[in-house]
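Just the one chain here, the form predicted on its own, laid out as structure tokens.
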Amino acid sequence: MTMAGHDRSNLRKVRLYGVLIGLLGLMMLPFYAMFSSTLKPESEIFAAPATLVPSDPSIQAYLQVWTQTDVLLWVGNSFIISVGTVVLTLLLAIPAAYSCARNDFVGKRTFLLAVLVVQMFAPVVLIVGLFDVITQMGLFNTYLAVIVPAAAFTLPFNVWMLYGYFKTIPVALEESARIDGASQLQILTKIVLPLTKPALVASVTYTFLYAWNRLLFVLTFLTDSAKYNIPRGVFSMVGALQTDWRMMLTVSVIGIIPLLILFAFLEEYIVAGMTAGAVKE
């Protein structure tokens, strides 16, 4: 490559990275505005023109939030709902995806398409029907009232992603284990699942995020304030006559921290799981 060609290549990279950094800054702006507002006094939050940097930053809101709200209870409930949804979804998605990847049966394509159809419906469209089902099953005002619908709406994505990943695992590995006397359950748990770790992590992360942010299901199916999650807890802070916006934004920031930690530890597996199985050889 000539010097001029090398310079043009570097210039294109600089432009590309400049655009990406600009887009990243644009996407992060709402999060920064939310965080900076928690450090401002109430009067400065609504000041015009708005200020990006607090004039007199204070962490008072983070000291008061533990005594003035039930934020720890809400975070705990969010974990219960999210972990429960992850467990139920994987218990259903893994056998369904593995069976479709390893077996050809009548109606297989129809089944996979039918599963995908569920992803096309917004939860709000089905909320009335879901309410009838939840009440008739006796699940109203229990964690399962949120976990079951959340698992149903995350199931299509997980089935299809795991199905594509299972297809990339050589069948010869399973046949060798079967010759050595391994049962089908042992093949799945000791050979197949360890090889699908990136896809499983991606499934866990997607499902966990989906369940963590559920407001509609909690708002509809839970009336006990002791079972509120983070979104429902934030919603309960909206008053009829007055709202403590700084405290509400502080709870929102605290609710994001566990998700940031999750992404920080699992980023490598998430990317690998999302892309694996996307290309056929």
Partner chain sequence: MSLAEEYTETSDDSRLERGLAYVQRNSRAYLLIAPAAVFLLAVVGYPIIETFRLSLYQSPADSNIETFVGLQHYVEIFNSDIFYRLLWQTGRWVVAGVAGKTLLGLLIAVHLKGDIRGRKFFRTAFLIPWGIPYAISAVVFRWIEHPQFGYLNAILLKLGIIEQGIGILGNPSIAWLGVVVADIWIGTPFMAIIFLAGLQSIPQELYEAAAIDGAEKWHQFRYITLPQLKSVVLIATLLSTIWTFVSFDVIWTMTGGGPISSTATLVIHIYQVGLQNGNLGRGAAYSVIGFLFLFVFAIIYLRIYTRGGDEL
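Since we're looking at a predicted model, the values are computed, not measured. Numbering follows the first chain given and starts at 1. Only the largest set of C-alpha atoms that superpose within 1.5 Å between the two forms is called the rigid core.
Another form, the form predicted in complex with the partner chain, is not on view; read the next lines as being about it.
- Partner proximity in the predicted complex, defined as non-hydrogen atoms within 4.5 angstroms of the partner chain, places exactly one of 190 to 198, 169 to 177, 68 to 76, 128 to 136 at the interface: 128 to 136.
- A residue is said to contact a partner when one of its heavy atoms sits within 4.5 Å of a partner heavy atom; residue 151 meets this definition for the partner chain in the predicted complex.
- The closest non-hydrogen atom of residue 16 lies within 4.5 Å of the partner chain in the predicted complex.
- Interface membership of residue 247, defined by any non-hydrogen atom within 4.5 Å of the partner chain in the predicted complex, is ruled out.
- Proximity of residue 227 to the partner chain in the predicted complex falls outside the 4.5 Å heavy atom cutoff.
- If you take 61 to 95 and check each residue for a heavy atom within 4.5 Å of the partner chain in the predicted complex, you get 88, 92, 95, in sequence order.
- In the core-superposed comparison between the shown form and the other one, the C-alpha atom of residue 257 has shifted by less than 2 angstroms.
- Superposed on the core, the two forms barely differ at residue 222: its CA moves less than 2 Å between the shown form and the other one.
- Taking 2 Å as the criterion, residue 45 counts as shifted between the shown form and the other one: its C-alpha moves by at least this amount when the rigid core is aligned.
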